[in-house]
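Only one chain is included here, represented as C-alpha cells and corresponding to the form predicted on its own.
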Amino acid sequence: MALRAAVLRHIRLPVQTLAATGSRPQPQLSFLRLFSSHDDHLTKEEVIDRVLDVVKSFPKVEPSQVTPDVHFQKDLGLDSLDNVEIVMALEEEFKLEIPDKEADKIDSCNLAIEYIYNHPMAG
C-alpha cells in the first residue's frame, strides 16, 4: 500500500468525472497527427531543376555547359575541392547532410540528382 501511494504521488493521470446525472463518462477526444516524408517528397523534376541551379551558380562553372548528365571534373574542368564545395552547396540547398563516403561518390549532376531524389529527408 505504501508503494502504491508513493507511485501515485509522482504520476499524473487524466481523471474522468461522472456527470451530475450519474451517466457514464464521455470519452475524451484525442488528436493524432501523423507525419510522413512521402506526402511532400520532391518530384524528380524539382530535384533536377534545383541541382542544376546550384551547379550553375557555382563561380567556376559556365552555366550554358550544365546539363543533367554533366560530369564535374571531366566536362566542367573542376577539381576535387570544387567537387566538395558543390556537394556542400547541395546539402545546404536541400537541407540534408550527406555522409563523406557518399559525398565522395557524387561527381556528376546525375549522381547528385539520384542521391537527393532517393533521400527521404531531402526538402
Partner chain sequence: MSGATTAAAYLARRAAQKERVRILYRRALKDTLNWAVHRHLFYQDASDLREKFEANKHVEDLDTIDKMIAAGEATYDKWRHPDPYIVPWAPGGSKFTRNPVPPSGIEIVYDYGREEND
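Computed from a predicted model, the values in this text were never measured in an experiment. Residue numbers count along the first chain shown, from 1.
The protein also exists as the form predicted together with the partner chain; that form is not presented, and the subsequent description refers to it.
- In the model of the complex, at least one heavy atom of Glu92 sits within 4.5 Å of a heavy atom of the partner chain.
- Val87 belongs to the set of residues with a heavy atom inside 4.5 Å of the partner chain in the model of the complex.
- For Ala103, a non-hydrogen atom is located within 4.5 Å of the partner chain in the model of the complex, even though that partner is not displayed.
- The partner chain is not drawn, but in the model of the complex it has no heavy atom within 4.5 Å of Leu52.
- Shown without its partner, the chain has Lys60, Asp79, Ser80, Leu81, Asp82 in segment 60-83 as residues with a non-hydrogen atom within 4.5 angstroms of the partner chain in the model of the complex.
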